[in-house]
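Single chain ahead, written as structure tokens, the form predicted on its own.
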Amino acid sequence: MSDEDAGKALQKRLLGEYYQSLGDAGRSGQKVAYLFVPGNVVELLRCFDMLPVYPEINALQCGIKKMAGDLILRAENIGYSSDVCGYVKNDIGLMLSDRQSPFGPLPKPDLLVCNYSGCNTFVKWFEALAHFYGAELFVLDIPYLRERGPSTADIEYVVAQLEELADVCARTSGVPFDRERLKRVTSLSYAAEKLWVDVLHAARSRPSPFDAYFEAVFYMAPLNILRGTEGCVEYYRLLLEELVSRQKEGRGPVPEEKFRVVVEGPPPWPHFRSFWELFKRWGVCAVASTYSKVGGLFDQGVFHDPAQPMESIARYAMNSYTNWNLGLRLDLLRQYLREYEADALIIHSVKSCRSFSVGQADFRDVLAKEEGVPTLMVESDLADPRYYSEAQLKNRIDAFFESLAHRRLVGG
């Protein structure tokens, strides 16, 4: 079995076991905690044997499996506006459908951990779930990152909340807090995060051995769902070996890499494949993306640290991409364009996700008009299939890459 086959088989098995455990939670009596992907504190929850559930991941899976449209309509039928985040409405729709996800039934939450990190919708989302499920809600207030790194006061503020959360988890689960266990869990997170950074940096090669947007969104799944486990570390070891093999063979995700791009914004999950094809037909390969950092800015040196587990969890939680101010986000795009020798920036603006879409028009204006970076901005939605117009997107994308190709031809 090749490294690629072994990696895919391991990912399938690990995620299958995870969803099986969610389906069995009601019978096994294992406690369940809902939390968000950006800035999440799963390392702490693992110390109390609590099963993590990520509503955003459930929503994107529903989008890929063509379930999101009906679920969103269910939420709108009980009063949710068309302007509300598609992920929120998908999750409410799942609840109204007895929590039947594409991978089986989801358990009710025993604890809702709202790790508020850059998106004010998170708070209202979990307030609604607390009302519907009658579950305890813990809001972890994460300071917005105003400078390149958090202040000592900010870290101490979050650590104090984490200590309070540990008490809540111990009471909910009946498992006492073991700080040595937290060190072991964070050491596994660190090992997986370091390997993931090596995976991301493989895209510096020409051609890139993988697409750092359309493929990376699947590669990052174990890090988002299974971080802090031995299986997660092993998956990234196998993935890196496969990418190194592709590099040696000069093999990439498109037959010929003609354009290298950086992508800003989440993908349109209900139309993921067709959206990708609009770029592949032009020989486009994404060599870096901001969405692949939504679960952590590890490539910016933000890692979990077993020597300082609580402090590093706090630092990680503040360094979610959507928790960075707009100046920091713009600097990151500049870094990626330079570091990965990209030809252009693609911005996918999402109608119902303000935490990502805010500031994107400014990014386009600064990079395109002031710095001369070819920039294309298109719009649809990450969950709601009604806002995707393939013909319109195709016209915009084709015109953009025709222009780039012409510029190369005439030496512009």
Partner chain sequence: MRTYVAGADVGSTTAKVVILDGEGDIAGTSLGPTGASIVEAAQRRFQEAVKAAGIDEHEVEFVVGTGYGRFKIPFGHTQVTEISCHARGAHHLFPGTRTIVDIGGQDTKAISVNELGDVADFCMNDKCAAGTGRFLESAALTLGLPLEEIGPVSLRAARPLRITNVCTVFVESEIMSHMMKGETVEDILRGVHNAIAGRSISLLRRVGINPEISFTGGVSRNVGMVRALEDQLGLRVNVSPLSQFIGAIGAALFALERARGGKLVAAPVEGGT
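Since the structure is predicted, the reported quantities are computational estimates derived from the model, not experimental observations. Numbering follows the first chain given and starts at 1.
A second form of this protein, the form predicted in complex with its partner chain, is not displayed here; the remarks below concern that form.
Only one listed stretch (375-383, 31-39, 44-52, 57-65) carries heavy atoms within 4.5 Å of its partner chain in the model of the complex, and that stretch is 375-383. Interface membership of residue 400, defined by any non-hydrogen atom within 4.5 Å of its partner chain in the model of the complex, is confirmed. Taking the partner from elsewhere, residue 281 is found to have a heavy atom lying within 4.5 Å of its partner chain in the model of the complex. Residue 20 falls outside the set of residues with a heavy atom inside 4.5 Å of its partner chain in the model of the complex. In the model of the complex, its partner chain lies within 4.5 angstroms of at least one heavy atom of each of the following residues of 342-372: 364, 365, 368, 369, in sequence order.
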